[in-house]
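The data below hold one chain only, encoded as structure tokens and taken in the form predicted alone.
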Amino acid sequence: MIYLNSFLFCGIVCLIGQLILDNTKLTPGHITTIFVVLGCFLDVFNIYDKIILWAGAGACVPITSFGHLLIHGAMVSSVDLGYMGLMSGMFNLTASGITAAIVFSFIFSLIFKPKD
């Protein structure tokens, strides 16, 4: 059942993004920002943790999870480090994903050539 829930959650996130893209004049960058802020908002009210329990790893894949991780790390670190924890905590949980994106983007830019 967890596989179905995971598939449904990711599918619903993609459906919402596609509907916004098709029916508004928002760019993909705007939609990505909306989803990150939505993930932050859901984490502040402890809703995203319940979604993760329901959908499993499927809730950790979409861009909403990035917003969840940013706020979750900041809130946990702010308890220990105060105001400095707000800034440093954001990158504790997301550092590996950001680093992987940079490294793989660089490698693929060396391998593939863009078309005109």
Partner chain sequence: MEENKYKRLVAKHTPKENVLNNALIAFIIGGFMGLLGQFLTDIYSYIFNISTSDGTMLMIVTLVFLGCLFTCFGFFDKLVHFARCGLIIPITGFAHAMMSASLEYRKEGFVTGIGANMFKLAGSVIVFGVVSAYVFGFLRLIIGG
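Here the structure is a predicted model, which means the values were calculated and not measured. Residue numbers count along the first chain shown, from 1.
Form predicted in complex with its partner chain: not shown, discussed below.
Its partner chain in the predicted complex comes within 4.5 Å of no heavy atom belonging to residue 89.
For residue 37, a non-hydrogen atom is located within 4.5 Å of its partner chain in the predicted complex, even though that partner is not displayed. Interface membership of residue 61, defined by any non-hydrogen atom within 4.5 Å of its partner chain in the predicted complex, is confirmed. Residue contact with its partner chain in the predicted complex: residue 26 places no heavy atom within 4.5 Å of it. Using a 4.5 Å cut-off on any heavy atom, the residues of 75-110 that reach its partner chain in the predicted complex are, in sequence order, 75, 78, 82, 83, 86, 87, 90, 91, 93, 96, 97, 98, 100, 101, 102, 104, 105, 106, 108, 109, 110.
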